[in-house]
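As structure tokens, one chain now follows by itself in the form predicted alone.
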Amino acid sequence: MNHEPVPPPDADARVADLPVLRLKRHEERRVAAGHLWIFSNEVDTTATPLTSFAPGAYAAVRSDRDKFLGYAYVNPHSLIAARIVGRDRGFAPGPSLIVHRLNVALALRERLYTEPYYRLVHGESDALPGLVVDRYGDVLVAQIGTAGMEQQKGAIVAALEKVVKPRVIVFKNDSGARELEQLEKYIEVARGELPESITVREAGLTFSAPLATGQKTGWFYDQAANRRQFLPLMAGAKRVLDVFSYVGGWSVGAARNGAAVTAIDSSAPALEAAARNAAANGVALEAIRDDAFDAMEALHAANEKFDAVIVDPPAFIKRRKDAPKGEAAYKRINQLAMQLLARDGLLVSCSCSYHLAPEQLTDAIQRGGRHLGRFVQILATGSQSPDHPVHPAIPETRYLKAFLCRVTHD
């Protein structure tokens, strides 16, 4: 057998041209059920050594009984050794498949949204594993997290130009996930010029967020549906605290409802952007630059009280082994939030940690409440916005939890 590395193809592959990646006995069940990931310990490395593949190479995945399971790209250096990109034997991977996937993804977003501000591609959930594309009008910001998509970057650009026809395409490939695939971090402009900031329209409001120095692709579209659902229910709150505010997605909406808003974030540029966004929408906010826990402790010491507190932290649990420490952090942050609430207040509590189940977040809220002698009622629940669809066979694509709670004294 020829074990020389197989380079990823530049054009549409033909079935006969692709090497085989064979799975061990019984290891095809999860893939056959719809999951797109193949772990390295599921591969029959005796029959098909992973070292025979170059990072990003395409392969035809087969079971130990030689049943065709799909086409995938391979990375021998990653725990997730391969990711399925297609299951139609007659539609091999390549540029035309990427165009097809983009057309399908765009059709969903155009059905959901009247303006072009949304996540256009959500990785595995749009059958483009390893690729995220956020759309800001005629500006597209893409993030590649896998070697397979990195090898297809040219085809991705061509497909985006054909399907969306944007003015600007930026690859903001600076996420930590790239390290797991042994990929370098970088920011690159593939079309047009790098804008200093991106513009977002959400629920009748206009926001600006930094691009190169901003978080993720510049904005968090995944919380848009929760803001649309929760903020009207919070309209009676006269004083609101927004913790981990970033550039003011929650803050500005609350201020437009008539609340006096205090925003907490550790980033001075984020708070400056939040203030600009507030002014652009005809409102104002107070900003506190500090560690969230320290700032909340200081507000409690000063006996400050708020009608509503929003807690939207970064993921406290990025890996399963971080769970005990992370669960303690969620309990503490929610307990601090409840200490700052008026006697009959509202708490918005969120988690983007996949490794924290919804019931674990509600348990953290409840335990924090019981510690303080508070009675908690959950008024509304939320998840990621519909432009971040969930793949029913891939639990990892369901990650965002949000709860609107009423908190009163016992």
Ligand code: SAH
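Each residue number is its position in the shown sequence, starting from 1. Keep in mind that what you see is a predicted model, and the values were worked out from it rather than measured.
What comes next is about the form predicted in complex with this ligand, which does not appear here.
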property: This ligand: the contacting residue among 151, 262, 143, 223 in the model of the complex [heavy atom, 4.5 Å]; result: 223
property: Heavy atom within 4.5 Å of this ligand in the model of the complex - residue from 227, 83, 172, 119; result: 227
property: 4.5 Å heavy atom contact, residue 291 and this ligand in the model of the complex; result: yes
property: Close approach of residue 245 to this ligand in the model of the complex, 4.5 Å, heavy atom; result: yes
property: Residue contact check: residue 267 to this ligand in the model of the complex, 4.5 Å heavy atom; result: yes
property: Heavy atom of residue 258 within 4.5 Å of this ligand in the model of the complex; result: no
property: Check all three, 19, 40 and 71, heavy atom within 4.5 Å of this ligand in the model of the complex; result: no
property: Segment that reaches this ligand in the model of the complex - one of 124 to 132, 306 to 314, 228 to 236, 110 to 118, heavy atoms within 4.5 Å; result: 306 to 314
